[in-house]
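The chain below stands alone, shown as structure tokens; this is the form predicted alone.
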């Protein structure tokens, strides 16, 4: 569930006016990161995992090698969609709810 109290606004809704070049660049990086089927599956696995976070060891069964999983998780993290924390030898990932809420708010046509 998204924490809308912690939303970090990126840009105005698309119905409010034209995006600035900077806002368009920032948002396109996020949407581009989600446009890959493997990344979208990994993102979904993290988002739906019990407790709201997932160890890489629990989500790597997406039909590609471990190095490829790591590559895709890095792309999601670089886009700001995931956060990570190393615990011992494992890395745990969480969805960055404020970023996802900002993406959703930008696409809200009801505004």
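Numbering follows the first chain given and starts at 1. Worth saying up front: this structure is predicted, and the values here are computed from it rather than measured.
As for the form predicted together with another copy of the chain, it is not shown, yet the points below apply to it.
- Message: Is it the case in the predicted bound form that 54, 66 and 69 each bring at least one heavy atom within 4.5 Å of another copy of the chain?
- Response: Answer is no for this spot.
- Query: Can residue 21 be called a contact residue for another copy of the chain in the predicted bound form at 4.5 Å between heavy atoms?
  - Reply: Residue 21: contacts another copy of the chain in the predicted bound form.
- Item | is_contact(residue 74, another copy of the chain) in the predicted bound form, heavy atom dist at most 4.5 Å | No, residue 74 is distant from the partner.
- residue 36: heavy atom within 4.5 Å of another copy of the chain in the predicted bound form? Residue 36: yes, in contact with another copy of the chain in the predicted bound form.
- Query: Does another copy of the chain come within 4.5 Å of any heavy atom of residue 91 in the predicted bound form?
  - Reply: Contact check for residue 91: no, nothing within 4.5 Å of another copy of the chain in the predicted bound form.
- Item | Within 44-76, the residues that have a heavy atom no more than 4.5 Å from another copy of the chain in the predicted bound form | Counting only heavy atoms within 4.5 Å of another copy of the chain in the predicted bound form, the contacting residues of 44-76 are 44, 45, 47, 48.
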